[in-house]
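Okay, here we've got a single chain as structure tokens, the form predicted on its own, with questions on binding and movement later.
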Amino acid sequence: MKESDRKKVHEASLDVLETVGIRVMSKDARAALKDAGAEVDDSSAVVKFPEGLVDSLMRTVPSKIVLAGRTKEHDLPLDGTHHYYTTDGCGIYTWDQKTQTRNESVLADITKTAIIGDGLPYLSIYEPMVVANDVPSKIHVLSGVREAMRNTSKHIETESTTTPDEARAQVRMAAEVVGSAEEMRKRHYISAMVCTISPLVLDAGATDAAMVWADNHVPVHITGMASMGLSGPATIGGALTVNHAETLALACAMQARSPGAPALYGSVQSSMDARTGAYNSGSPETILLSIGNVEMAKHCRMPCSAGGTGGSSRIPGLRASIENAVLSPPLAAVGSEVMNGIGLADGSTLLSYEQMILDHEIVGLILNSHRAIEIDDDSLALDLIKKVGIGGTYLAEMHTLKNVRGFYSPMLWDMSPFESWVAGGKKDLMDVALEKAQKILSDHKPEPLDADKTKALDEIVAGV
């Protein structure tokens, strides 16, 4: 997008917020916005933003933050120069490849995928991937976060928080892990996805939770999901405008509540299927919308958490892998910093351990093909080129031995000759992926969480 196009979308969104407004179901958010100068009608819950208010509030959104790991080796600077991938969430089924059936997801699936995620080198953020249907619904979210904190040292993104009490409990959990509430404010060990409701609604529970996140400076991935032709206009520009208005509204509510609260422009928009109206996250329009969201994040100077993997294939396998391999590269090319999210199919509802490994391989290819090309004396290798000369070979050179170690090496693909592949049993890729997942579960040992901290997490969850 040209800068002039970004400006047009931004100004159209400001017009919407000033003239139409947005329904804010959270009393706390409405109160904060009213104090900041917004026009609030409590009877309808509609909030309108007078000219200049949005831009004034948005000035306090941090343009750069660090998403911290439990250990500092997993800290993730969001400064416009990095690309990171998350797991996907929050599914309700798991896939059995052998029987080709779906089963209800359970807490053990979160435990296992957290361990696998901890062991995957190109995965940077773990988001609890499924609902734990075998625990009481009131502790679904907290149980998933607890398993994540116990089984990975990477940054944790929490999803599906629907009450401020859930948010407060997670803040206490994060503070226990990093050492104190003050340390948690400085080290953003957890972040939270908060979805807007298109068109132009901020619902009560999630927005109340966002106020808690803001108070405690937990970064919020503001995730608008306006679907072209359904919950947003059937044009790229119109859908971006609705989404941008929602994103600005929640970001402004957070800043009105707590200036400087970190927020990410985290949209995951899509188109509907023109024949059925169904959710279609694997379309070319989805890619264009995601690119547009990255551009609007840049316009607002906000950290970006837009797009990524997660197509509409009903089951894991070929189609899901093709969609994910097509969806992600354009987003990496335009500079999306946090990209959602490996391992789920069927509109992010179906966990597949095989797809988790397949997606990770795709992510590895993308990240390694979007590296900066470094040109210096060593990479030019001019003296070596002169030494080898015409018709020689570089195979036996020390320069080759040193540099070949940095080549991308597939974790999953079989690079052996055809005859060797046949002799090895001609394994189906899905079978190989499951074997790889099982091997990680068997061999990888995450850095254990301190026993006292584990006990404290259990007590917080039990006390809800």
Partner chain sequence: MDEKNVLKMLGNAIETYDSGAAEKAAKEAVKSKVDPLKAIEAGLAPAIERVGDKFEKMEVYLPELMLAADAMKSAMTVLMPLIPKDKKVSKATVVIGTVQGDIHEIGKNIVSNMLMANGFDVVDLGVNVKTSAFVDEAKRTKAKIIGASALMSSTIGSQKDIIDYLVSLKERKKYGLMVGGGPTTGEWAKEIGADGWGEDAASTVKLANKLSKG
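Note that the coordinates shown come from a computational prediction; the quantities given were computed from them, not determined experimentally. Positions refer to the first chain, counted from 1.
Beyond the structure shown, there is the form predicted in complex with its partner chain, which is absent from this document and is the topic of what follows.
Asker: Is G392 part of the interface with its partner chain in the predicted complex - any heavy atom within 4.5 Å?
Answerer: Taking the distances in the predicted complex, the answer for G392 is yes, it comes within 4.5 Å of its partner chain.
Asker: Looking at the partner-bound form in the predicted complex, is K426 within 4.5 Å of its partner chain by any heavy atom?
Answerer: Taking the distances in the predicted complex, the answer for K426 is no, it never comes within 4.5 Å of its partner chain.
Asker: With the cut-off set at 4.5 Å between non-hydrogen atoms, does D42 touch its partner chain in the predicted complex?
Answerer: Taking the distances in the predicted complex, the answer for D42 is no, it never comes within 4.5 Å of its partner chain.
Asker: Can you tell me whether L401 touches its partner chain? I mean in the predicted complex, with a 4.5 angstroms heavy atom cut-off.
Answerer: Yes, contact at 4.5 Å.
Asker: Only one of D414, E51, D431, D35 gets a heavy atom within 4.5 Å of its partner chain in the predicted complex. Which one?
Answerer: Checked against the cut-off, the match is D414.
Asker: So its partner chain isn't shown here. In the predicted complex, which residue out of S420, Q438, S63, S56 has a non-hydrogen atom within 4.5 Å of it?
Answerer: Contact residue from the list: S420.
Asker: With its partner chain left out here, work out from 27-35, 65-73, 42-50, 401-409 which stretch has heavy atoms within 4.5 Å of it in the predicted complex.
Answerer: That would be 401-409.
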